[in-house]
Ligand code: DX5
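A single chain comes next, written as structure tokens; it is the form predicted on its own.
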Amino acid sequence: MPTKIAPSILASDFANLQKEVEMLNASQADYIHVDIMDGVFVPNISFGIPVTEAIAKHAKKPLDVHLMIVDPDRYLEAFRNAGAEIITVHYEACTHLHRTIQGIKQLGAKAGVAINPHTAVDLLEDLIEDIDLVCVMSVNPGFGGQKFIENTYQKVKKLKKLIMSKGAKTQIEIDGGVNLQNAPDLLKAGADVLVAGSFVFSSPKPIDTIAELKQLY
């Protein structure tokens, strides 16, 4: 299966958001990754529903919305209405994760679950068949441009093994510090989707950088 690339709009130039979205439309990106931070679950604030709507208005790629917020259930419908096609919630933020996953699917979106670097893959065992996408955080969530955590490779291998043992169709997404150096090993370990923020948007030629990532297997 070809590698899917989800550039994170958090790393873009917010003063030229429409232009940045149009650049991604013209690229080989598969999704537009939208990071929502509330300053409570993570120590940073990004943007919310109105900006997501503004991105969706110009986007020709599906929005992959990553909710780094407490009590995400309160906002699932609002983000779906704002244009989210994949809604990812954090394992650590959901008291009743199965109910949250059901809620996302009832809205007609794909359900993603993100796990922080300290969260064990095994905790998803009873739910893996219900999850469309697991977002493995390869940095501590909250800020872009962080150093990649090396233990991620082992975590991805473990997760892939779990998915295959259950006969699930769950995809593995990697978020944080992804670049051309570590991407091949991540894909070899079993990753399907690569989120790239700073690496894409700080590139002199973002479209070419996305194409290079897309060519990896």
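Start at 1 with the first residue shown and count on from there. The structure displayed is predicted, hence computed values, not measured ones.
One more form of this protein should be noted, the form predicted in complex with the ligand, which is absent from this view; the next part is about it.
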Contact residue in the predicted bound form, from Q102, T119, Q146, N81 (heavy atom within 4.5 Å of the ligand): Q146
Would you please decide whether S8 lies within 4.5 angstroms of the ligand in the predicted bound form, comparing each non-hydrogen atom pair? yes
Is it the case that D35, even though its partner is missing from this view, gets within 4.5 Å of the ligand in the predicted bound form, heavy atoms only? yes
Can any non-hydrogen atom of P206 be found within 4.5 angstroms of the ligand in the predicted bound form? no
Quick check on G190: any heavy atom within 4.5 Å of the ligand in the predicted bound form? no
Judged by heavy atoms and a 4.5 Å cut-off, are V65, P72 and G112 together in contact with the ligand in the predicted bound form? no
Note: the ligand not shown here; in the predicted bound form, the stretch from 103 to 111, 124 to 132, 73 to 81, 138 to 146 having heavy atoms within 4.5 Å of it is 138 to 146
In sequence order, which positions of 189 to 217 have a non-hydrogen atom within 4.5 Å of the ligand in the predicted bound form? V195, A196, G197, S198
